[in-house]
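Only one chain comes next, encoded as structure tokens, the form predicted on its own.
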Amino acid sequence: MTAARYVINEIKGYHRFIKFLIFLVVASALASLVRFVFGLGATTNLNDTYPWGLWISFDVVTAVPLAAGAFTLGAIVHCFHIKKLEPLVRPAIVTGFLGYSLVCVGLLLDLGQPQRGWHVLRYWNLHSPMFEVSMCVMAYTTVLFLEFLSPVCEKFGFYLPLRVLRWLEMPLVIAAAAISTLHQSSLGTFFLIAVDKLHNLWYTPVLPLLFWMSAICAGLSIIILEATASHKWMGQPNEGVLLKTLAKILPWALGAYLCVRIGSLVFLSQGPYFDSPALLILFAIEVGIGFVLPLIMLMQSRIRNSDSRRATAAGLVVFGLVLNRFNVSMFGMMHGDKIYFPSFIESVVTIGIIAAHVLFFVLLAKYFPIFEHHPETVDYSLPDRFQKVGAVGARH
């Protein structure tokens, strides 16, 4: 009887969670409608001093690297032939596809004239990093969509398109890695023009490289968090053995990032560094808690072997990445005489976008074979066998 009550309470809790996410998404949709009706000036706190606010700092500059797990893990599995990590690829692809889709939504909301968004395809400005990022985001979202179609085809038994997608797998992985490298770094290029605005603690000529390297760190960390949460709250298989492998790779990525970061401060950046105590504290929290501490933690086998401690270290990396992007795109450019705070509409929209990401991921994981991908067990040339083996998603 106790076990039955536990199951019933768990089902009720799941439904309440889904309803809460739907409420947040609906509230965000209504806030977005208000933005389109009354315009940016009436619904946001953006101004000539701070034309880029929360929607750019989080929905774009932060969300893009948080969705970097797809290209990072795809390159590790397919280019370096670490096939044992393949069960983690599909959830990473779903996360990346949802992340980039919602980035596009955030961009449309932030554009002053969203109906002219298609102009980037018609009027090319080859000298603008914004043009490069916009083209790469569209291209990479398309690549992720094609990769996402594999579990959809498995779900509905479309074995012939699935064979085509499997044949295109390696070209898509290579395209994803190349496109992501371009636009992850170009996000940092945006801020190279802010010579007199961005504080010296973050302004450096190698900012594009730092953006790309930190995106790799965040991508690996998101995969660890995602797999751990899916096992704990969604009943998915425990991928602890695979996550330990990622936890061994992550310290090397963190160490390389910190070497470039500290080296750029010492040899490339120009002071002063200590003219703003508040920014110095933000820098110390970002680097110390967000990168150095998880590096020290993940160098210890007892941390890597523990699901909770490993997830904690990965969460600290994500925290450091988020704070870094806000420091570069917002806090590092603020002046004491004029401070930007996001409006209620801006905050509701951003919360709704986060809720939509979680909601869609939960639903896709529930109804599609996201966590069951072992291509060596599937023969895509035989429809009957596909229906028997592929749709079930046999696991080792």
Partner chain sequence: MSTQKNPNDGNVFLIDMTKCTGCRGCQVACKQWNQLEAEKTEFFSGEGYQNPPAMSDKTFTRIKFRDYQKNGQNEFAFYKEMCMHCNEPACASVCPVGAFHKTEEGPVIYNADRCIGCRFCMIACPFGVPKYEWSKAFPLVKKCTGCYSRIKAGMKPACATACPTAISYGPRHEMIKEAERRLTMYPDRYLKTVYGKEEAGGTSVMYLTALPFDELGFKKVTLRPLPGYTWQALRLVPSVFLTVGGGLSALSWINHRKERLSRLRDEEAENTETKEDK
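Since the model is a prediction, treat every value here as computed from it, not as a measurement. Residue numbers count along the first chain shown, from 1.
As for the form predicted in complex with the partner chain, it is not shown, yet the points below apply to it.
Q: Contact between Glu86 and the partner chain in the predicted complex at 4.5 Å, heavy atoms?
A: The answer is no: Glu86 has no heavy atom within 4.5 Å of the partner chain.
Q: In the predicted complex, does Val241 come within 4.5 Å of the partner chain, counting heavy atoms only?
A: Although the partner chain is absent here, Val241 would stay clear of it in the predicted complex, with no heavy atoms inside 4.5 Å.
Q: Just to confirm, Asp307 within 4.5 Å of the partner chain in the predicted complex by heavy atoms?
A: No, Asp307 sits far enough from the partner chain in the predicted complex that none of its heavy atoms falls within 4.5 Å.
Q: Would you classify Asn47 as touching the partner chain in the predicted complex, given a 4.5 Å non-hydrogen atom cut-off?
A: Answer yes; at least one heavy atom of Asn47 falls within 4.5 Å of the partner chain in the predicted complex.
Q: Thinking of the partner chain in the predicted complex, which stretch from 231 to 239, 126 to 134, 310 to 318, 215 to 223 has heavy atoms inside 4.5 Å of it?
A: It is 126 to 134 that comes within 4.5 Å of the partner.
Q: Name the residue from Asn200, Ser101, Thr181, Thr245 that puts a heavy atom within 4.5 Å of the partner chain in the predicted complex.
A: In short, Thr181.
Q: Pro161, Gly112, Gly263, Gly157: which sits within 4.5 Å of the partner chain in the predicted complex by any heavy atom?
A: Exactly one listed residue reaches within 4.5 Å, namely Gly112.
Q: Pick out the residues of 192 to 211 whose heavy atoms come within 4.5 Å of the partner chain in the predicted complex.
A: Result: Leu192, Ile193, Val195, Asp196, Lys197, Tyr203, Pro205, Pro208.
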